[in-house]
Every structure is written in C-alpha cells, then in structure tokens.
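Here are two versions of the same chain, shown separately as structure tokens and labelled structure 1 and structure 2.
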Structure 1
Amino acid sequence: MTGGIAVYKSCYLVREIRRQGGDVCVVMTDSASEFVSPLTFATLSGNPVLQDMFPESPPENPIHLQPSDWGDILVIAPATANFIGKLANGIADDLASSVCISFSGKVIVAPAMNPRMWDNPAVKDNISILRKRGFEVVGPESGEMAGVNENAGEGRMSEPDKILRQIRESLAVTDDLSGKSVVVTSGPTREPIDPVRFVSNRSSGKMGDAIAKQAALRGANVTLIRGRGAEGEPPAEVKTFVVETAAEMSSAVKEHFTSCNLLVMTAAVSDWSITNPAKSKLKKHVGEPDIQWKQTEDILAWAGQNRTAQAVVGFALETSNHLEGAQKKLKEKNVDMIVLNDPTQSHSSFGGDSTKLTLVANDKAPVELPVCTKKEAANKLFDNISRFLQG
C-alpha cells in the first residue's frame, strides 16, 4: 500500500481476501501509514505489517525478500503516482519498492490519484511501461474523488471487489466447488493406554489441511474433522471439529456424511484401539502393562457402503505393492478414488511440505502427480475429482 487516501478501501480488500481464504502480508510505505495505521492492517491481515527496511531487530532472512518467497501474487493498492514512477524505473529506495523489485510472480497495480496527476504524461508513460512488462493494471475509475473540494474525473481507485476479481483471475482461482459440501479428515488419531498415555502415528495433518483449505478457496462449504495432534492451526476458513480416537473420528464422519457431496479421508486413523485402557495412570513399578488390542472400524469402507450420491476419496499409505494395493482398496471399499502416498520417499516424508501422489480411479489409468507442495497437490486432486461430483 502506498500513500493515497484510497488506503481506507484496502482495509476491505484485505478483510475480503482473508474471508475468501487467502493469506495476506501487508507492506506499507511511510506515506501509506499516514492515512491508515499499520495496526489496522496487522489486525485485519493477522500478520505483522512490514514497513521498515532496517528494523531494530532484523530477521534472519533479508526482509525485502520475504514477501517474494511467500506470496503468490503482489497487489499494489492503492498505487500512487510516485510509486508507479519508482516501479517503472526500477527504484528500490524503501521496503515496499524493494519488495516489488524482488518479486517474480504476478503483480496487480491499482492506481489511485487525482485526475490531474493521472493525466500527467510522465504517469501515463510509466503506466504503459508497467503494462508492457506484464503488470496487470486495474482501473483507475472515473467519478467523484475522496476530497470534497476535488473535481471529479478519472483517477479513483477501483472498488476492492473489482481488484479481488482480478486477483482470482490472475491466480486462476476457480469456484468450481461452489455450492458443494466437502468433508475432509486430517491428522492422526490417538488411542489411550491410560489417562496420560496414548498410541498414535506420525501424521502431521498438513495434507488434509491443505485439501480442506483449497476446497474452501474453490467455493465449497468445508467441514474438517481433525485428529488432535495434527500440527499447527487448522485453516481459518473451514469449520473444524477436533477428535481424539478412531471411534470419535468415525462418529464425526458419520454425522456429517449424509449431507455432504464429497468425503476426502486423509486422516491416519489408527487400525487398532486398546480394549482395556486403564482408568488411572499406570505405575511404572507394576511392570509392563497388559495391553489388549482390537481392530477399529474401517471408516472409508463404511462410507463406501453407505454412500448415496456422495463422492468418496481415500488416501492409502503404501510402502510396498503400491498400485496393486490401491486398486484392491478401490474395489473393496467401493470408493471413487484412492490417493497413493509412499512416505518412504524422501519428498513424501511425514510432516513435510512436499509430496508425490498417485491418483488411482476405476475409470482412468493411474495419474502420477509430480513432486509438488501439498497445496499444489490438493488443487491437482480437485482438478481430478470434479468428475465424480454429481449435480
């Protein structure tokens, strides 16, 4: 954000991007912070606002490169005449302009200025340089200016909704799941040994969380059933229910299954539970506990047996006989797709941010996805399962 009165409109822009499932990091010029306080944007974005090129306690990584590493798109709204000039001429004399010059992704510029400034030939030339370099320029619009004494004309910043549409278009964000209810399970389950100990597994929940988030971004109404012990916070844009045991996971899935269009089961549900968990903490001196195991319910198979119009996708973690195992599971469990994941591969390790999945369905040859981030994998998964969604 740069120093024009239209910064106030960007409050709504930030809030709306977050409401629609995006993460926002706000970078402000000093002039921009004269109009709206950085505190407002820190609160609206849920992230610290970056303003200072040389903060008192510098972070480990160069601050001007951080948004470039992190962001999918850079939006300059409002863009002042001054800032547009700096962009066009490669000037990087503050944090905001240094961020822009180091950003390699798509850039949207939303100019906002008085009509006399917008008419200035230098501004016109600078804008055409930016267009030629592939920047997306949104607006400005004609109409009343913010100041009561200012003459109407061309120069006011486009409304946030128009900028949002451009962001969605530039990111190729589809809303193909709009009107659909999607239930996603993620994370590990925990089976108690006694009130303080449990048996669990290494699932981080990252894959399921990424799937839930991308479904929400594509317009779905998402319910995430998440095993306690999954890492970090669940995505803000989905309704999350936290469960502990395989039995709790099963009840929660059953409760939400009837009304959903799609169930994606990524959770690493324990195959066994302990029949005789102790009521009080087991004492060490008593010796090794006598633990009896019983098989837990196969939730995916239950969903396959009980589905009406729902599409069902299961994840299978196979360390050997990958394809064969997945194809068997697909038939036995009567589901639409099994997503195969081999955690012994370095790029697919537990808790990592990247993965390599293979999508196995009855109606097509297996689709091997490239190694990619879990977010990218989630999107590719949805590109491939929309055909199973009815109506």
Structure 2
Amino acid sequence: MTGGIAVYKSCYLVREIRRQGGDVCVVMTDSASEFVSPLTFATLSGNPVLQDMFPESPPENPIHLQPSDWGDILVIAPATANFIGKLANGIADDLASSVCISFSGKVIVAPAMNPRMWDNPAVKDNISILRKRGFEVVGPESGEMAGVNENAGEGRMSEPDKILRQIRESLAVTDDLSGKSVVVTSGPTREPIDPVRFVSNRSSGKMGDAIAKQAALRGANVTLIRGRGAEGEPPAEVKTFVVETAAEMSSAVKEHFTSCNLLVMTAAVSDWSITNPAKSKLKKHVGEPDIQWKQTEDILAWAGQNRTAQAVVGFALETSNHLEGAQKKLKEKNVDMIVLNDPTQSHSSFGGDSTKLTLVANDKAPVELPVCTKKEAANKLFDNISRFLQG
C-alpha cells in the first residue's frame, strides 16, 4: 500500500479477502502510514504489517523476500504515480518496492491519483510498460476525488469489490471446466416441527459455496442449490436456488441433474423428516409433542443410480471409522468420489474457514489434503475431480 488517500479503501479490501478465506500480509510505504495506521491493517489482516527495510530479523531470512516467497498474488492498492514510476524503472529504494521487484508471481496494480497526474504522459508510459511486462491494471475510475476542492475526473482507485473480482480471476489458474455444467449443493436442510420451529444441523455451507465459486472461476456454468440455513451470501458468480427441506433439495437436484456434467453433493441433508408437523405453534402447556419421523430420500444414492454420463462426487461427514465409512459410501452410492471430513477436529469444525479433506475414489489410493482454507481445498478438490470429466 502506497501513500494516497485511497488507502482507506484498502481497509475494506483486506477485510473482504480475509472474510473469503484468504491470508493477507500488508506491506506499507512510510507515506501510506500517514493516511492509515499500520495497527489498523495488522488488526484487519491478523498479521504484522511490514514497513521497515532494516528490522531486527535473522540474516538468513531477509524481510524483503518474505512476502515474495509466501504470497500467491501481489496487489498494489493504492498505487501512486510515484510508486508506478518505481515499478516501471526497476527502482527498489524501500521495503515495498523491494518486495515488488523480488515477487515472481502475478501482480495487480490499482492506480489512484489526481486526474491531472493520471493524464501525465510519463504516467501513461509507465502504465504501458507495466502492462507489457504482464502486470494486471485495475482502474482507475472516473468520478469525484477524495479532496474537497479537487475536480472530478479519472483517477479514483477502483472499489474493493472490483479489485477482489480481479484477484479471484487471477488466481483461477485453469479453465478446465470451461463449457461444463456443474451442480453443487450447499448448507443444511431444515425439517419443520411447527411454523416456527425446525430440526436442522450445524452446516454453515462455506465448503459448498467455496466449491461453487471455484467451479465458476474455472469456467463452468454453475448451479448452486443452497440450504436456507447457510451462512453469509452465496457467490455472486453462480446461479443460486434456495431450498429449505430435504424434499425441496431433492426436487431441485433432479431438475438440474440431467443436463449437468458434474454433481458435487456438499450439503448436509437431513436423514429424517417429521411426518406430522403442527400447523400452528406448539404450546408448552399442552405437553411434549407427539413427533413422528420418517427417513428422507437419499439424494446421492438417487444420483448414482440414475446417472448416465455425469460425474458424481459426494461428501461424507464421519466422527468415527472415518475411512471405512467413506469407502462403504463410495461403493453403495455408485459415485466417483467421496470427500471425507471430520467436524470434531478443530481445523474442520462447523462454521470454520479451514478444513482437512481426504479424497476417496475407486481408481486410486485415498488422497489426504493438508489443512487449508476451504477456498484452497475447493481448488485442490477440482484438481482431483477433473479426471472424471475427461471426454
């Protein structure tokens, strides 16, 4: 982050990246810290802010190489005219510019400056140089400037959501699902007891949402069938249908299954529903309600029995006999892969942002993925699913 008033927008950008499962290391120029305190970004990112070129760090671990080795993508937001000039001319006279020069991955630049500065031919030439070198430039936008007496024009830093979209697109390293139709189920189902009460489970829907988003980033046409109790907002990139009960989820899956290439059943579907839900709110003074249960339809088994050319992947949530349960489910459901996880573990607890998955398939030995964010797990999952979609 470099020294412009637009650095306040970067607070929202860091927060949103973290909310969506990313890790952020903030590097600030001295000028940037004049606008927003490094403490603010340390709090939002959960990591120390790097600013001093010569801190007390071991010689074998140079500070200007740490983010370069660690990061998947480098985002410069805001990028001032001065800093853009440094990038274009290979100048590394502070920590931020040294990090940029040593970074070998993808770089996104979000310019922010006064319109007259943006119109300067030197700035235009420097931007042209960066584009030729493969830098991705987002913005700037036209509109009002932050300063009270500044004239409107082109120079505003793009909004955080636009920069975030570019980050997502840049991190999608493959389009192996281009032209494919993918159906994903996500979140819990709810079975009503009466008009105000229901039986459900603790699924947050985060894993299913991450899978749907990753499929869209890889070029797929994605339909997300999402339980009403899922947390947060569904991914903007996908077509979403909200359902409530297991029966509603079953109907939605059947409606879209015939035309899809891949079904990923991530949702935690209720195993039982109530046959006699009350039509009005149950009163406590009446006594314990007479609740009768019946098994719900096994949607994954239905898909396994009725598929033609579709690939089918199911999830198995096991708290004991993990691998044995997953392998049994793989055989009984007639699917290509079962993704196993254990919600009793701290790294895979309900509602968390991390997980540890084991992929169980008939054609190879189980694959244990490392503990990682659900976004990263979704990416690794599709790396392993793609073989079922060949041809």
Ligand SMILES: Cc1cc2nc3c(=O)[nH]c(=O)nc-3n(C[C@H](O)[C@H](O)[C@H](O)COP(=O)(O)O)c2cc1C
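Throughout, residue numbering runs from 1 along the sequence of structure 1. Basically, rigid core = biggest C-alpha set you can superpose within 1.5 Å across the two forms. Quick caveat, the model's predicted, so the values are computed rather than measured.
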Practice task
Tell me which of the two, 1 or 2, is the form predicted together with the ligand.
Solution key: 1
Exercise for the section: Superpose the two forms on their rigid core, then report whether the C-alpha of residue 290 is displaced by 2 angstroms or more between structure 1 and structure 2. Expected result: no
Problem - Did residue 327 shift 2 Å or more between structure 1 and structure 2, C-alpha, core superposed - result: no
Practice task
Could you tell me whether the Cα atom of residue 181 shifts by at least 2 Å between structure 1 and structure 2 after core superposition?
Solution key: no
Exercise for the section: Please state the CA displacement of residue 83 between structure 1 and structure 2 in angstrom, with both forms fitted on the core. Expected result: 2.4
Handout entry: After superposing on the core, C-alpha shift for residue 160 between structure 1 and structure 2 in angstrom
Key = 16.9
